[in-house]
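In the block that follows, a single chain appears as structure tokens, in the form predicted on its own.
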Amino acid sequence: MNRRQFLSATTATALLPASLALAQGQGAGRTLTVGVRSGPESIDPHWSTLGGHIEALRHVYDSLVAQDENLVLKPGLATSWRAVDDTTWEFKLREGVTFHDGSPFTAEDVKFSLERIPQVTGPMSMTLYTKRAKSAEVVDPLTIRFVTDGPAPTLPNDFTRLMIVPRKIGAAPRNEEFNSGAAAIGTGPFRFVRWEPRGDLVMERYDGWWALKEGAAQPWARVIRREIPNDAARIAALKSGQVDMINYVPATDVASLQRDPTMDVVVGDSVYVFNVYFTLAEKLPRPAKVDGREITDNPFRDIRVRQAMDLAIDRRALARVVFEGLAKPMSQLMPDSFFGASPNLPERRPDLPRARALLAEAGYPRGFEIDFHSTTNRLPGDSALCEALAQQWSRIGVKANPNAVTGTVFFPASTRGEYSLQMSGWGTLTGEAAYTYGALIHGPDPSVGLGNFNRSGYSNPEVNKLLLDGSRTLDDAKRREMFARAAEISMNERPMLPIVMPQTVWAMGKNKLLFTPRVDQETLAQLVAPKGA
């Protein structure tokens, strides 16, 4: 079969009406409809690093390494892994796995997927997770070795985001071929049926999923993920029975839903932190204003300004008011319990007199005006937090004009460096500091693959060295110490301000579903079961 025939055949299979597909191979079964705040950016699993994108496509594709609900590593398509030497990792692959088209999963597919990622020109490159692997060598159909650019102790953690596509699709498929279903072939629990951008992602159960052979339950014959960005509309859809459960319940609605006798509410911890980013370039993309006039200087280059804006923030009040108590004040970029977090960064408390004095010392006794951008549909409370921060800064004379925009607008503009002051959420999804501090705090350096998401332009040689050395040190104690020191230096220099870490809330019909929350906030149908099933 040539490539054109292959794509035509797979398109026809993927686009079968759901009822016909179920009748052909699944039999009768239940449908789970989930109302989600955001959906995928495409059906290509290598297109974007955004959490909503990855979460949606985990239904169709499996990753090489998996994680439990607390992000502890566990076997996925790889059953085991070991460091052969300082620059070589060997992964043993699961036997008997098949893709949705019936073809066998082998090491060649893993090699192909790894090598494909740098070629995909999505908005947020997945090379964040694969940058340490210089090459892949197929040892046998179920064994693969990766040569790294130095000791890479966190490679298995990174590969929790390495989702596998079949080598047979070839290098050519573009977004259109994934979105139509032609190239949307995975090994995951559900087959792709159809997708409407900003609408429904429809999938059907794959009875050949490898986990079913190991006793996993899969009661859903069909899954529909319905994108409903508006919080009120998502809650209304749940109450009217249009959806079975929803994610990202706003904090302001939690109490009323908990009192509703027809609803169940599940609250879970999270690893996502809201962070404010200062642009430290000599010239701001959107100039600041003093007394209504644009200035050429960048106030944020003065650490006293960054300290003042930090001291104006009352994180406890934000957690209490904006998030109804369902958030925790943060003084570093990830949970205190994660590998590499520092025990020496105390909670930050507001001090308005000191903040005003620092602004005056920096030459801004009457403050200044600046545009402040954030997402509006990325995480619960993002736009409300944007407005609340602007109000708190106004108390020291800083007029931050809040502009909350959709993620599809925010992230491309942020990547292009169009914002002077911005806020978004970041989750330490691998459970360790190399992922977060290496991406956000290390100076942008493509030669070592660090600083990929550094939006401030911050670069401290000592911090850079600590992060680079730490990412290449196999000794856990030494690596932990290096990361903690890098966190202390960078958080005290304040190129970014961690604000709060919100909890995540789901809601569903009373006594209808069983659901275990994950700290990465993912809502996966394979982890939802009917009560009494």
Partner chain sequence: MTGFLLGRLAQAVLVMLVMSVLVFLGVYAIGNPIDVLIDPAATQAMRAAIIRQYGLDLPLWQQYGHFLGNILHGDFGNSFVFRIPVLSLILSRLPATLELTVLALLIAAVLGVPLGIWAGYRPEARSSRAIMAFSTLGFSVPTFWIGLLLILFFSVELRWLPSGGRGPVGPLGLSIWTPEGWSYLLLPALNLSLFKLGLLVRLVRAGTEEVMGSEHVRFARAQGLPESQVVGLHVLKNIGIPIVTVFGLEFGSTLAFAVVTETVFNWPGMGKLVIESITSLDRPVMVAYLILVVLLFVVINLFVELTYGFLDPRVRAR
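Positions refer to the first chain, counted from 1. Not measured: the values here are computed from a predicted model.
The same protein also exists as the form predicted in complex with its partner chain; that form is not shown, yet it is the one meant from here on.
Within this chain, L450 lines the site of its partner chain in the model of the complex, having a heavy atom no more than 4.5 Å away. Not displayed here, its partner chain is kept clear of T154 by more than 4.5 Å at the level of heavy atoms in the model of the complex. Within this chain, E41 lines the site of its partner chain in the model of the complex, having a heavy atom no more than 4.5 Å away. Its partner chain in the model of the complex is approached by N230, whose closest heavy atom lies within 4.5 angstroms of it. In plain terms, the part of the chain that comes close to its partner chain in the model of the complex, with a heavy atom within 4.5 Å, is 117-125 out of 117-125, 340-348, 281-289, 202-210. Annotation: in the model of the complex, residues N179, A237 and T408 each come within 4.5 Å of its partner chain through at least one heavy atom.
None of Q258, N401, S135, N175 but one reaches within 4.5 angstroms of its partner chain in the model of the complex through a heavy atom, and that residue is N175.
Proximity to its partner chain in the model of the complex, defined as a heavy atom within 4.5 Å, holds among T79, S103, Q242, T87 only for Q242.
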